[in-house]
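To begin, one chain is listed below as C-alpha cells, in the form predicted on its own.
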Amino acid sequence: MATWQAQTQQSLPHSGTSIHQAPALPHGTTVLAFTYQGGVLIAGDRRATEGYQIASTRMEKVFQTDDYSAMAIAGAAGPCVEMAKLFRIELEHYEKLDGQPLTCEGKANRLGQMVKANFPMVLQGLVVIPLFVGYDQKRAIGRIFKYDITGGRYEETDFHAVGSGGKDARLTLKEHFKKRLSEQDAIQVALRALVNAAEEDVGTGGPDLFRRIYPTMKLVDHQGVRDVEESVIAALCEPLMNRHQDE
C-alpha cells in the first residue's frame, strides 16, 4: 500500500508542481461567414476579452488578405492579428514572384499550413482559429473554409461561425439563412446572428448605439473585397435591436 501511494504521488501533479499556464491575454471572440447571391459575407463583433475582463471594445477581427479574399480571426488576439498580416504579405509576395495570384484553393491551403505551424503555441494556450473566405473566379462563387487547431482545412458550402459565441451565431444562421440572399438581406442576417450571440455569450460584444461601435463586415464577390459601410450597419442596428427586444 505504501509503495502504491508513493508511486501515485509521483505520477499526479500537486500544489507544488510547476505547471506551465499561459498568462491571461486578450482573446477575440465571434466571427462568421455565409454565402449570398454572387459572393460571400464575412463579419465579426468588436469585443476582446482578457479573462473575466473586457480588454477592448473596438478590436478589428476581419481582414482583407488580397483582392478576392478575406479572413476573420478568433482566439489569442496578438497571434491572430499577426497571422492575418503575415498571410496577406505572403499572398502579395507569391503574386509578385509568380506573376499571378494563388487560386482560392491554394490560398486556403496556405493558411492551413500557417495554422499548423502555430500548433506549438496552441500547447501554451495561444490558440488561433481563422475563418477564410474567397471568391473563386474560375467557378464564379464565394467559398468558405474553416480550420481546426492542427491546421486541418474544411470547406463549408453555406455558413459557419467560430469563437466563444460561434454556436449561438450558427443557430441563428441555421434559422435565417437562405440560398441566394441579396446583399441587404445578408447584412441583416449577419447582424441578427451577432446580436443573438452577444445575448447568450459574455465574450461577444453586440452593437453599442451610444458609443457608435458596430460589427465589421466585408463582402467578397466578382467586384473584389468591399467593406460594408458603418453608416449602413448603423442604420440597420437600431430597428433590429428594437424589434429583437419586442420579440
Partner chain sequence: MALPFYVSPEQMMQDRAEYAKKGIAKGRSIIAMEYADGVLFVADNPSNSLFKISEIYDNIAFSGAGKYNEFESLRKAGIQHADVKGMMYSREDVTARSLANGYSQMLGTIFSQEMKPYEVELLLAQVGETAEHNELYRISFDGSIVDEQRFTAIGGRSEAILTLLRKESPEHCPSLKDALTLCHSAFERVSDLKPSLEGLEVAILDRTRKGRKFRRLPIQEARRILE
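Since the model is a prediction, treat every value here as computed from it, not as a measurement. Numbering follows the first chain given and starts at 1.
The same protein has a further form, the form predicted together with its partner chain, not shown here; the description that follows concerns it.
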- Item | Partner-contacting position among A140, L97, L123, A117 - heavy atom within 4.5 Å of its partner chain in the predicted complex | L97
- Item | Contact test in the predicted complex: E92 vs its partner chain, heavy atoms, 4.5 Å | yes
- Just to confirm, K174 within 4.5 Å of its partner chain in the predicted complex by heavy atoms? no
- Heavy atoms within 4.5 Å of its partner chain in the predicted complex: which stretch among 108 to 116, 128 to 136, 146 to 154, 80 to 88? 80 to 88
- Going by its partner chain in the predicted complex, which residues of 127 to 158 come within 4.5 Å of it through any heavy atom? none
